[in-house]
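So this one's two forms of a single chain, laid out as structure tokens and tagged structure 1 and structure 2.
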Structure 1
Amino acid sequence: MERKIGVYVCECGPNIAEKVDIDKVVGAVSSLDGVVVVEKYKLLCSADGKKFLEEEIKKHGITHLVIAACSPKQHEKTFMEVCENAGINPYLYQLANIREQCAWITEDKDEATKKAIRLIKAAIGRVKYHSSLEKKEIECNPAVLIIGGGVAGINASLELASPDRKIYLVEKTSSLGGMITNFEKTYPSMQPSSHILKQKILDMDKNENIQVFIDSNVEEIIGFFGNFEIKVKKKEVDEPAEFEVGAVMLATGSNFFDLKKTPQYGYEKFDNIFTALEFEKMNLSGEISLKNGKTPRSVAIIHCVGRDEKGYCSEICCMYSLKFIRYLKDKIPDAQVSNFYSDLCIPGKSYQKFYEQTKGKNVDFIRSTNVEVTKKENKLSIKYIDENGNKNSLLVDMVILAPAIEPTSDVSELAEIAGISQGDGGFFAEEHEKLNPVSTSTDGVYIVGCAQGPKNISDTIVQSGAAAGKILASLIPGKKMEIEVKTSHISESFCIGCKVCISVCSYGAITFDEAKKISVVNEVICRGCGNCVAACPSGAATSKHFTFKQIHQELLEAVK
């Protein structure tokens, strides 16, 4: 096919024209091989501009299009649409960025003009080597697997379930609700925690689009976004249940720091030392008492247990410790409560107020280090170093320890099954801490709640809502999913089967064909980073739209 390249140079009002001599640019590229038309235009992205381009493409029978304008981040897609409307493949086009990375950064007009010419020549050289790429779409299953039936998993199930979207919720224990079923009340509202859960669990039961598996574990997740195959094993049942979903959400919560690693707090050595969870349960049972059945008159709450060992602040311990003061004051109004803390973590718009309301008579906050618990007669003795560096001690009846929050014991196993990685503190790693905090490196696998890191109930709900929103927006019942077109490809005849590409791909997009002894890219999974292409020693792997030849053409102009 004869190549007819059309080049259109945008003035962007004064934005480009002020710094680049547009006429000179037009003159410099007009006679290049393959170029049939070069025109300038005031504002190419305007409605008139797009119409003009469409007509030009048709009028001149343009096969390959070069636009010199702003950054591809601004209008690459705009002109791809113009190509489609004009009937040429949108990948037979290249955008030269002569605004952000030329006109706007170059002092001298002459220099800017020369650079613009260089960038446009590079684009012309490149576009000659472009190939048509076809849009790819796959059928997808709108169903969702949610692992973990705590508040995160329950909330997401209810947000997502609908007649055309089935939800499978897998919980490893025998009941739903997770951690908060142990609490009488929740901070900061101090409303009964059943207010949050009871209705939701009833709604779950009623919802016929939600199937709950209790006493079950997920054994296998294979496939990719839109099409995952799942195996779930229920305790004491031989055959696993098998079903298909389009997305997976991990809402498996967290675990507590192992107190054996901090013997200085005397846990399990002396009576009347409780973990936060044990204290929640005792309080829920209605009575706070010592082992001998008596009511404690003085209680110490030790914050930050295991914080140094873990190397992070668990966010929620200070707040639930304040909640414990409330529990104690409700049930034993004259009890003396002493808090041993290293830093108080009470962020946000309502926690400071909660703290102010909790402080008061018979409540102490002692900033301390080197805290140690021993027994003295029938009491517990807290030894510590205070803020001024002085050694001190205090006798109490009861001690409550607030241990750090850490990942669940099966976190690595689950990360392996779901094909995602672990990040800070061993928690599941987000795709990007700021930009994509609920997605993971595997498309279609999301992390929410304490499985992603320690957090309170509100943040847990926000996250599970965010992940549900992502799924609702991308896995639409009856609609195919558009997937990356600029994937990599491995040539059967060049591949020597060394598997280097497989080892560098972060997404498991490449598999080995044992029969042919070559590697094969699954283009549904491939994200098109090009890492395998750079790694391949035999030149068998290529990046569509970022081929060696295409980049090489740009290089040639860059060094002229």
Structure 2
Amino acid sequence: MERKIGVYVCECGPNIAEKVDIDKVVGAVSSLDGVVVVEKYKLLCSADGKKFLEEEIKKHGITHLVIAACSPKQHEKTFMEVCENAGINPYLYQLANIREQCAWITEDKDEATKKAIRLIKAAIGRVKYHSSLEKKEIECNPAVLIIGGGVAGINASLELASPDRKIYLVEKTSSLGGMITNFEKTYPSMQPSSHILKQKILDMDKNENIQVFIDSNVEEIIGFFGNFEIKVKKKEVDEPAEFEVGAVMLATGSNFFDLKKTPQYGYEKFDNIFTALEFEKMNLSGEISLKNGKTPRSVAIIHCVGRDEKGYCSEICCMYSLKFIRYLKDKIPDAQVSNFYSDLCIPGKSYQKFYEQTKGKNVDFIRSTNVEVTKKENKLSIKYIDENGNKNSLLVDMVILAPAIEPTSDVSELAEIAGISQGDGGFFAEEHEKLNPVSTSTDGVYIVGCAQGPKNISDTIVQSGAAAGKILASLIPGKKMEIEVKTSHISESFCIGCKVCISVCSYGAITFDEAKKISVVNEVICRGCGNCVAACPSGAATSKHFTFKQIHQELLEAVK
């Protein structure tokens, strides 16, 4: 087929036009082999610009298109749609970034112009070897598996369930609600949490589109986004339940740091030393008291227990410690409360206001290190070094320890079952901390709440809503799902069966054919990352739209 390459340079308002001599660029590429037209335009991504491009493609019979404009991240899809509307395959097009990679970073106009010419020539050299790729669609299952019956899992279940979408909620304990069931109130509003949670659980019970498995564990997740096969094993039941879903959400919560690893705080060695969760339960019972039944008159709250051992701040400990001060002052107004902390984590206006309203008479905040709890007569002695480096001690009736937040004990097992990785601190790893905080490296598997890292209740609910929104937008009942077309391919004749590609595949898209002794790519799962191509020692692995010839020609022009 005769290649007719059209090159269009965007002025991008003043962004490119003021830093690059566009007329010189047009003249430099007009005579290149295969180029039939070169034009400049003020703003190609505008409605008028897109219309202009469509008309130009049809007018000149263009088969391959090069756009010199901005970042592919911003407008690659925009110009692919233009190609489709004009009747050419969208993969017969290449975008040269002469804004971010040229105009915005090169002060000298002559140098910027020379660089723009090289980038456009590189795009022309590459696009000559582009092949048409066809979009593929698969049937998808709109049902969702949610692992974890805490506030995140419950909230997501209610947002997702509909007559067209079945929700399977799996909880490993015997009841729903998670850790929040032990809380009397939540901060900073200090509103009772139990009635809200109970109502949500009642709503779930009434919803025939939600099936709940308690005392159960997920044993197997096989498949890919849109088509996962699930096995759930209920305790004391021999046969696992089996069903299919299109997406998986991990809302497994977290645990508290094991205080046995910090014996200096005297936990389980001396009476009247409580963990944060134990104190929550005590307060919920209606009475705060010592082991002998008496009311404590002095209480120490020790923040950041286990922070040094874990290597990170758990974010929520300072705030729930402030809530504990409210509990104490509500039930024992004249109690002396001393907070021992290394750094206070109080993010945001509402939390700062909560802090300001909480501190006051008989409430001390002591910045300290080397905190140790011992017994002295009938009191607990807090030994510490203050911020001036002086050794001090304080006698109190009760000690509350605020331990670090860490992943659940089964996090590694679940990560392997779900085919996702673990990140800092052992929590499930998100795809991108800012851009995709609820997505994972495995398409269709989402993480929310404390499964992804320490989080308060409001942030947990927001995250569960965000993940539910992603699922609602991508798994639409009755609609087929478009899959990646720029996938990898492994040549049967070149594959030596070393399995290196399998070990580097981030998506689990490559399997080994034992009969043929070769690796095989499942194009439905493959996302075209190219890891296998880079690692393959025999050259058997290639990536569609990123072939050796395409990249080689692009580099040849770029480095001239």
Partner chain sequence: MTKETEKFEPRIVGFLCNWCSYAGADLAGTSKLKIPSSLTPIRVMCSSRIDPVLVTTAFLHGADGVLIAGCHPGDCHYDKGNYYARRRFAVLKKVIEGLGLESDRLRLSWVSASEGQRFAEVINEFNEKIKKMGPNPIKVKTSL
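What you see is a predicted model; the values in this text were computed from it and never measured. Here the rigid core means the biggest group of C-alpha atoms that line up within 1.5 Å when the two forms are laid on top of each other. One-based numbering along structure 1's sequence throughout.
Only one of the two shown forms is the form predicted in complex with the partner chain, so please name it by number.
If we ask which form is the one predicted in complex with the partner chain, the answer is structure 1.
How about Ile105 - superposed on the rigid core, does its CA move between structure 1 and structure 2 by 2 Å or more?
Yes, because once the rigid core is superposed, the C-alpha of Ile105 moves 2 Å or more between structure 1 and structure 2.
Just checking, between structure 1 and structure 2 and with the core aligned, does Lys391 shift 2 Å or more at the CA?
No, Lys391 moves less than 2 Å.
Does Phe512 shift between structure 1 and structure 2 by 2 angstroms or more at the C-alpha, the core having been superposed?
No, Phe512 moves less than 2 Å.
Aligning on the rigid core, what is the distance the CA of Leu53 moves between structure 1 and structure 2, in angstrom?
So the C-alpha of this residue moves 6.1 Å.
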